[in-house]
Ligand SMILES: Cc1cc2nc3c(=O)[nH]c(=O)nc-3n(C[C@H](O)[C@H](O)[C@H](O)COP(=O)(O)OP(=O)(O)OC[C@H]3O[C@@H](n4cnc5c(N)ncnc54)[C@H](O)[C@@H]3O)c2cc1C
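Coming up is one lone chain in structure tokens, specifically the form predicted alone.
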Amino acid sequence: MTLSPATLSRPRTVGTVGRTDVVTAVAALRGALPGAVHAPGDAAYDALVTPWNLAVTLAPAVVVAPTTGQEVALVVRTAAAYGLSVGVQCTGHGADGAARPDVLVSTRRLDELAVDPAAATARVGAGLTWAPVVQAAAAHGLLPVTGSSTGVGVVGFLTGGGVGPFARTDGLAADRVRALEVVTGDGELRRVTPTQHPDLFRVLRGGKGAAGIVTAVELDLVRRSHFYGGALYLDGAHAAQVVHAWRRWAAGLPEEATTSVALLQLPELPTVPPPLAGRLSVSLRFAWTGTPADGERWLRPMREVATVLLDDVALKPVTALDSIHADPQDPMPGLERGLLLRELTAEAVDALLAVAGPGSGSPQVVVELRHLGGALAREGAHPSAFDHRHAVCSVLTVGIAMDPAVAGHAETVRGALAPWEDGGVWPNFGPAHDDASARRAYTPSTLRALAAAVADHDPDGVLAGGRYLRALPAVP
């Protein structure tokens, strides 16, 4: 079946979808993109739909895996013609169960990758995770400003802003974006730069998928081949001593250092080192971009604070950056909750330890504090939709979603830290999906910019990621 101009321009109201619309739309998509369209029951459907975060269930009427930006645009125009909403997914680390699109675009086949060593730039398709990009750049002594796990999708990370393991040195990942190619809700494929569609350039960097489906990005890379870092794993019985010492120590670090500390309660699994399995431990992460000798000198005081169970800090190639946070690589059913602090005092540490430290009964697998500031706190060359740069510390809890105590305990943690909370959250750790979450993730100015871009480029509300903006009360 082919798609006529009349079919693609037929106006419908998105959200008023009947079974006939879905069946006809699927047939139209199969005719236009043979082999790329999968409905429930097809062999490839579950593999493309199931997100990395197994706690989220997605059940679109159809999933489409295009190979080009033009094909993505065709999918959006077809969905709009039949009144269907469209969502997007690469890995599904940040899968949003609230969006519930009729049509899911899987970007996995958008896998182009080109590194320009002379210009220190890369062009990356939306289907790639950071791992192949890091490997390709490292061959030339370069590194993208990536996240703590190279298994995360490039575009999902960047559209949420992107705070990585070298954030105090390299700043926000989204500030390194030179250009994006994006399909907006009106079905147009656009190239977006600071001077071409500057409204979109702002909101795509930090606004997640509200304003468009990004099909490719062009990035500035940093010149780096090695770093000194990794993690010290310390005995959790001394968590109070470690976290208080870390707070004082981190406050004096230069910008060559980025650090975080995490209370870990790791299960007894083959993938967990025996010294850490089935017990409380403290992971002190350290990423140093200066000389190894200076890095070792700065870290030495923390090695002497408590019993070290494992010491993974060393001079490493940039391809080993996953070792800093040691995030899980295999899919899991996780429940994450994030918040930001305007200050981290000794009293705040005590309040956190009371609900998440030894003897607290915390059900969380991870309770993390990240030291911020440095280059991350400085505004980029061009406006973005990433707010809350001036927080001094982030807090993240991660638990197993099926544990009925996890969600309530995450709110207990937030309540304990309320006197020091700044009210914000990073889009990657707290995606906006309603009024309350939107006002935590974005300032009123950013919300107005997001709403304006969605109104201009998705007038019929085709993209599920921007749906919450249409339901917001007036933003002052």
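In this text the structure is predicted, and so the values were computed from the model without any measurement. Numbering starts at 1 and follows the sequence shown.
Unshown form predicted in complex with this ligand; subsequent notes refer to it.
Heavy atoms of Arg205 never reach within 4.5 Å of this ligand in the model of the complex, leaving it off the interface. Using a 4.5 angstroms limit between non-hydrogen atoms, His93 touches this ligand in the model of the complex. Although the partner is absent from this view, Asp327 contacts this ligand in the model of the complex, with a non-hydrogen atom inside 4.5 angstroms.
Within 4.5 Å of some heavy atom of this ligand in the model of the complex lies at least one heavy atom of Phe157. With this ligand left out of view, the stretch that reaches within 4.5 Å of it through heavy atoms in the model of the complex is, among 261-269, 229-237, 353-361, 159-167, 159-167. For the candidate spot formed by Ala126, Glu336 and Phe429, every residue has a non-hydrogen atom within 4.5 angstroms of this ligand in the model of the complex. For the options Met302, Val152, Leu276, Cys393, the residue carrying a heavy atom within 4.5 angstroms of this ligand in the model of the complex is Val152. Proximity to this ligand in the model of the complex, taken as a non-hydrogen atom within 4.5 angstroms, holds for one residue of Ser85, Gln89, Ser283, Thr397, which is Gln89. Within 4.5 angstroms of this ligand in the model of the complex, the stretch 101-117 places a non-hydrogen atom from Thr107 alone.
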